[in-house]
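Single chain ahead, written as structure tokens, the form predicted on its own.
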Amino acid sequence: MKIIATYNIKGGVGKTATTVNLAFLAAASGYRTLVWDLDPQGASSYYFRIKPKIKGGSKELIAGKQDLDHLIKGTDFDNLHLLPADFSFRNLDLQLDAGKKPTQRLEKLLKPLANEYDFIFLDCPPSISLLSEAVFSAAHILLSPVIPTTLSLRTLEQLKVFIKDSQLKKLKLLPFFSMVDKRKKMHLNLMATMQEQYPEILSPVIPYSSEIEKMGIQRMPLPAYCSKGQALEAYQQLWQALLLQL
């Protein structure tokens, strides 16, 4: 079982779209796949047409009073399940802090699922927090979408420093460019600069695309309603690039 967290300190960079689309591609490839929507906004849950609600809320979940197995929902797609969000997830930091070994809590909750899933994708809220640290401890790969702007460059450097200082040696940080508008000279220039500075950036580039925005209207992953196009091809390339890193 590989745990892949889609994460960035910043919001609005395409984390949820990436999680949902890569999870769909994994499931379509025959892998048993789970998405855990950790964001109280519940965007991944919305895309899969599942109500963002957890019985007992985050308090019982973190306390271990609920097995994840009983909270997982099926989706409309083969091999693809969802652990939905709950608005109480806004308090996850507090609930983690109230328990023992808070940064190891998510890893402990996910461990019993090792024989049930090949991939678990974590759709993470933005910010650096105790929940983030728990995600970093549980995940094998931190997939980080980066918009080519100066602020994104700064947050990527902050993230790298945090991972190094925390000695998270098993965690592999994989940034990639997201929401790219190649008509903008600034995007192109910053991409070139960042690729020199950060050779670990994956080569596939996710474009700023109306097709991706339609996910909110269709309420499903992009490959489920789009049979061709630049955005679909970009996510397929990103999935293949991710597989090579495992």
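Because the structure is a prediction, the values reported are computed rather than measured. Position 1 is the first residue in the sequence shown; the rest follow in order.
One more form of this protein exists, namely the form predicted together with a small molecule; it is left out here, but the text below deals with it.
At the 4.5 Å threshold, heavy atoms of residue 47 reach the small molecule in the model of the complex. The small molecule is not shown here, and in the model of the complex it never comes within 4.5 Å of any heavy atom of residue 194.
The shortest heavy atom separation between residue 207 and the small molecule in the model of the complex is within 4.5 Å. Residue contact check for residue 22: none of its heavy atoms lie within 4.5 Å of the small molecule in the model of the complex. Only one of 24 to 32, 60 to 68, 186 to 194, 210 to 218 lies within 4.5 Å of the small molecule in the model of the complex by heavy atoms, and it is 210 to 218.
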